[in-house]
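Given as structure tokens, the chain that follows is alone and in the form predicted on its own.
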Amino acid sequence: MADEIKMKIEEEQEGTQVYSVPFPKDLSQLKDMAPIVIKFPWQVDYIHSYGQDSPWFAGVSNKKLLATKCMDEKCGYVCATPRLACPVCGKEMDWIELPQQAKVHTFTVCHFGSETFLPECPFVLALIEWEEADTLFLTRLLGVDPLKPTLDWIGMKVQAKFLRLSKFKPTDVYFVPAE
């Protein structure tokens, strides 16, 4: 019936449930009571758009490395880290595929990293170069010993590897020494 007054709130089995909360017999002792502390799970859904970089992430999830190339025939500048506009002449750029083999331009050994990379420390970050590209690509280099770095790694041929299950993060691709 629509005219009924709700007399009872239905209880749910979700959220925080409290049992045996201590309560003093004498109200004068309430000021001495220890604070009640509860653990409350909290979730926030953050929506992020990859915008102009969406094709790059789609490529990586399909095991392809994409770059952008200036559409101006006189310029032809290629960015290994994609851009919509050419950083040299400002003209529009178009998507191209890069080879999955490249070489190490330079590297560094990271002994500390963000929370994501902390369990992997130390790890190697490398700038990767392609003959086909005018810029470098920053990525992790696996398959080398970060505790025994050597200048022999510079110029070393490397092969792209991809996570089996894409997380739509730049770390979905990494490089290892080419066989």
Partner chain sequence: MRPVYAVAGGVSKFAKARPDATYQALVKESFDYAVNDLGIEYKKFIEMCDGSVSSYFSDHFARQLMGGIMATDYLGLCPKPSLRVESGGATGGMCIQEGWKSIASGQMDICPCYGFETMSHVNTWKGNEFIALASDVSWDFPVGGFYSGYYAMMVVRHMKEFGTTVEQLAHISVKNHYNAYHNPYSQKQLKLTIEDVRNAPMVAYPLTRLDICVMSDGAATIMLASEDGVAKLEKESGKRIPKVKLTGIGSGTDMMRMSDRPHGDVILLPNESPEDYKDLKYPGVHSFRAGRTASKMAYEMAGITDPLGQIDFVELHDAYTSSEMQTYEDMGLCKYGEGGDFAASGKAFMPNIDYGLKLKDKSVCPVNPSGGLIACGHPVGASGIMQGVFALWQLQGTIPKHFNDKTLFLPDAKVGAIHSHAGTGTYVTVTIMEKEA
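Numbering follows the first chain given and starts at 1. What we label the rigid core is the largest C-alpha set whose atoms superpose within 1.5 Å from one form to the other. Please read these numbers as outputs of a predicted model, since none were measured by experiment.
The same protein has a further form, the form predicted in complex with its partner chain, not shown here; the description that follows concerns it.
Its partner chain is not shown here, and in the predicted complex it never comes within 4.5 Å of any heavy atom of Leu27. Contact check for Pro149: a non-hydrogen atom falls within 4.5 Å of its partner chain in the predicted complex. For the chain shown alone, Lys64 is not a contact residue for its partner chain in the predicted complex, no non-hydrogen atom being within 4.5 angstroms.
Although the partner is absent here, Pro87 lies within 4.5 Å of its partner chain in the predicted complex, judged by heavy atoms.
Site residues His105, Cys110 and Phe123 are all in contact with its partner chain in the predicted complex, judged by any heavy atom within 4.5 Å. Using a 4.5 Å cut-off on any heavy atom, the residues of 64-82 that reach its partner chain in the predicted complex are, in sequence order, Tyr77, Thr81, Pro82. Relative to the superposed rigid core, Lys148 undergoes a CA displacement smaller than 2 Å between this form and the one not shown. Annotation for Phe117: C-alpha shift of 2 angstroms or more between this form and the one not shown, rigid core superposed.
Comparing the forms between this form and the one not shown on their rigid core, the Cα displacement of Gly51 stays under 2 Å.
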